[in-house]
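Taken one at a time, structure 1 and structure 2 that follow are two forms of one protein chain, written as structure tokens.
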Structure 1
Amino acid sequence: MKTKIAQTRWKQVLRAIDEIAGKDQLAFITTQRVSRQSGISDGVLFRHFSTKEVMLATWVETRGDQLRLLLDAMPAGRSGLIYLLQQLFQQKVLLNFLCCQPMDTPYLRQLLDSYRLQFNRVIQTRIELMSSTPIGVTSDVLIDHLMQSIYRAWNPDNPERDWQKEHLMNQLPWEKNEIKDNTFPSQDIMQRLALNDSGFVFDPVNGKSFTANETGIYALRFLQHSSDSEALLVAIARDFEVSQSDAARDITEFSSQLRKFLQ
């Protein structure tokens, strides 16, 4: 059982690691950094934690258990997901836990990944049980869409994260046939792609190549000139004579595949 002093020290350390994770610097964490951030000297730190790994493992388990409790408290259905998103954005420490770059030490990374995987699985199951998801779009695609949106709303380097966050606290990313501008990779990524009418696509930054069908090439060419996803939706529906809901579904799936290829 921890003494009161030990509990205080532990909370200081926890907060320090949260702040470092919030700046996406967990991969570079050192005990000196934790010491500086928490205001606790190295010597005192090591009286409470035998190694840096023990300190980080305890942080992972503490925040992981907190996340699990949040999931347990989540109501069913769409409102449950919205509740979860609101709680995540209010409890920034959990958002940092979900989104930050992991540590390099494999067993710590595995421990962190296990909590994140569990989170994904629970949310995916909830999505599968929802009645209001887009028709024909798999839960794999939707969970990926949701996690990408959460990441963008957290990412300290994203200038639009406030907008993303505000949107996610009220609406799921795939709702109302809306394809948001953040669905696709950024325009500078799209513009760098070399496209050919044959369907061959090459990314000169990561060296990957892939093929796209006629609709895919159409969408890629469009997105090289405009990031207006609404306009793309309307254009595809018009030029390929499909309904807007079908176009929205296909665009969501296409964007998910693009994000995997174009990192």
Structure 2
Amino acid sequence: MKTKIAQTRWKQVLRAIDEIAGKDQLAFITTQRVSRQSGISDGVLFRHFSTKEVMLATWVETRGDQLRLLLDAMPAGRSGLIYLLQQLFQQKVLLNFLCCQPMDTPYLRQLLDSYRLQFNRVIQTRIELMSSTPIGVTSDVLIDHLMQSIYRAWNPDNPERDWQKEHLMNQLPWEKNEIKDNTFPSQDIMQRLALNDSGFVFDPVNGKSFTANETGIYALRFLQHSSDSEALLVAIARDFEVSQSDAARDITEFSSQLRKFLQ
């Protein structure tokens, strides 16, 4: 049984490794780095962990067991996967455990990979049991899509990660984006609008006109040829070099104004 002080030191060390993993720097970890991060001297550190490898193995086994408990508590079906994703983003230590680059010691890498492989297998089995998945897409493809999406939402170097995290906490990556297909009026209504490069928009049916900015004209021209508002989101983010969250907000606001104009 660990003493209270020993338990405190143990938790400090694990939290320090969590923080290093969260910066994706676990592959370069040293005892000196853990000592600085935890505020525990090297001498005290080695009283609790005989070697760096023992310290890291303790971290892997502790977080791996916590991940297993989370999987055991996951409800069935789509709601279970959403629950799991929400818990992962709320418990960042487990997300770090799943996504960071592994250590350079072979047996520690294998130990970490074994927990990750178990996670993937459980999730893939849950996907196979779901009543609704994309037709013609295998569970191998879906689990790969999901894991890549989780990594992108975690990656500290990804400027889009906040938006992607928000998306994953509400929808699975193969589901439709947050912009609904009925955001804009029907395509036949869009096609009747007269547009020019200066931003002038005229509806010959109701006789109204207004001026749109460059993004608005781009969206209107796009939707005169396609009713796929999700594709529009991707196109605006790409061509105007903005985040998808900013593009989604602008599209939603613009569509609301457009519907009022067309009433």
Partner chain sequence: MNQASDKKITIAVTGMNAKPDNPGPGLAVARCLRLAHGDQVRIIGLGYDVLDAGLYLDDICDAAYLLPYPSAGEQQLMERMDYIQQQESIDVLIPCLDAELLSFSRLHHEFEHLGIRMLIPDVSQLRDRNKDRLGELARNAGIRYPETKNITSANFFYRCHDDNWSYPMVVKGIFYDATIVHNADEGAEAFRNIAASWGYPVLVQRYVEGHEVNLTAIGDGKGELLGAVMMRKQAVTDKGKAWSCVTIEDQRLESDALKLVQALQWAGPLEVEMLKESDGQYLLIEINPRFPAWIYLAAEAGSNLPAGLVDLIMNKQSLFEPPKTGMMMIRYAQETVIDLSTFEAMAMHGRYIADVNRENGQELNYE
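The shown structure was predicted, so the numbers you read here are calculated from the model rather than taken from an experiment. Along the sequence of structure 1, residues get numbers from 1 upward. Here, rigid core means the biggest group of C-alpha atoms that superpose within 1.5 Å across both forms.
In this comparison, the chain shown as structure 1 is the form predicted in complex with the partner chain. In a rigid-core overlay of the protein, residue 190 has its C-alpha displaced by at least 2 Å between structure 1 and structure 2. For residue 46, a C-alpha deviation below 2 angstroms is recorded between structure 1 and structure 2 after rigid-core alignment. Taking the rigid core as fixed, one finds a CA shift for residue 18 smaller than 2 Å between structure 1 and structure 2.
For residue 215, the Cα shift between structure 1 and structure 2 is 29.4 Å when the rigid core is held fixed in the overlay.
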